[in-house]
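For reference, the chain that follows is the form predicted alone, supplied as structure tokens.
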């Protein structure tokens, strides 16, 4: 079917506008929109007959109460669409000039300015409701999990099923330190230190210890797995997942099957945001380094890589331990966001969720991991009112993606930060 010329013209105009406005303009537009909602969101929602400020751009509310669809659409248009679109349109020249000036400064300054604006957007957006805050934290943690598994399943070309196990090791290790040292707990006794400020300052160190324990667990898998080729990693890693889950269920000092609660509320938005940004930056440097090039060579043809003097076993083991480390860090954050963990949280359901994010977003791509994590997390929340039907819609979407985009939506796409922050040239 031929697309009408009028529709082509509209899409061409939108494309010119999107490519003409720099990231600085879009961030400023979104910042104005969330600030507007923060100030007048509640009065506007009441004036439009909405019971509350829409949580996820009105999508969840539309599914719950279809009669409120016109009001929710009008609210989203007034608060988000018009401010963002108008500011991006009329500030493209100024935004390009600012972007050009920023690039003359040290690149780290440019990055920090954009990250500061992005954090301010998140801070204002989540200030409207606690539900938004928790949802955003889980999305950021999902980005870490998805990207760390993409290192193994995408960049390395293997298939691992052990990520929930690594996540559990990091979650329980970090929780044992924070609860045992800084809180009074029935299982672990009285606190050793009574300074929450000290505990919050040491919290990143405890997450790193959790990641290190997860890496040690990965070493147990890697030593026998990478002596062979084929599907042995998938089998051994799945067995490791069940071993970790069963082990935790039988350790009473860790709560056993009842779980472990009482984690301090230290996974604040600044903490989760900072660790996620650091994780994405470090993993992007990893895949663009010489080690990352070796991973690509191993994925494409392991025999040829060996002939080119690549130590394939060492490369695979380092990547596997590195991915496990960040899964452990993500698990520690997850435990302190939800403030309760049990072995049931780290089973096959969690594995299916992480795998869906990886293959939905795209293999061998930092962008793909971000798109997959945010997309699946947002869909799960938006479709929550559908209850059981949600578990039909998401798998159906995944099937369609696998049919028409077998490698995911944004596969094999380079994460070029300098290009992303550069001024735009409008195509005439």
Partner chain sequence: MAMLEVTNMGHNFGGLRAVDEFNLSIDPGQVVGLIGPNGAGKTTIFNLISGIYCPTDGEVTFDGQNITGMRPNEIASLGLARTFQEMRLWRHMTVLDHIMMARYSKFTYGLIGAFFGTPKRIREEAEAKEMSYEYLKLFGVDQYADDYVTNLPYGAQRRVEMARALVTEPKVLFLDEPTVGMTPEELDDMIEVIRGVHERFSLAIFLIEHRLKVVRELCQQVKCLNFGQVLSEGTPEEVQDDPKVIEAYLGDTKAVV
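Just so you know, these numbers come straight off a predicted model, no measurement behind them. Residue numbers count along the first chain shown, from 1.
Form predicted together with the partner chain: not shown, discussed below.
Between the partner chain and the residues 220, 348, 308, 93, the one pair within 4.5 Å by heavy atoms in the predicted bound form involves 308.
The listed set 118, 73, 297, 124 contains one residue whose heavy atoms approach the partner chain in the predicted bound form to within 4.5 Å, identified as 297.
The stretch that touches the partner chain in the predicted bound form, counting heavy atoms within 4.5 Å, is 280 to 288, out of 280 to 288, 176 to 184, 264 to 272, 83 to 91. By the criterion of a heavy atom within 4.5 Å, residue 318 is counted among the residues contacting the partner chain in the predicted bound form. Using a 4.5 angstroms limit between non-hydrogen atoms, residue 240 is distant from the partner chain in the predicted bound form.
The partner chain in the predicted bound form is approached by residue 322, whose closest heavy atom lies within 4.5 angstroms of it.
Taking the partner from elsewhere, residue 304 is found to have a heavy atom lying within 4.5 Å of the partner chain in the predicted bound form.
Contacts with the partner chain in the predicted bound form, taken as any heavy atom within 4.5 Å, map within 389 to 407 to 407 alone.
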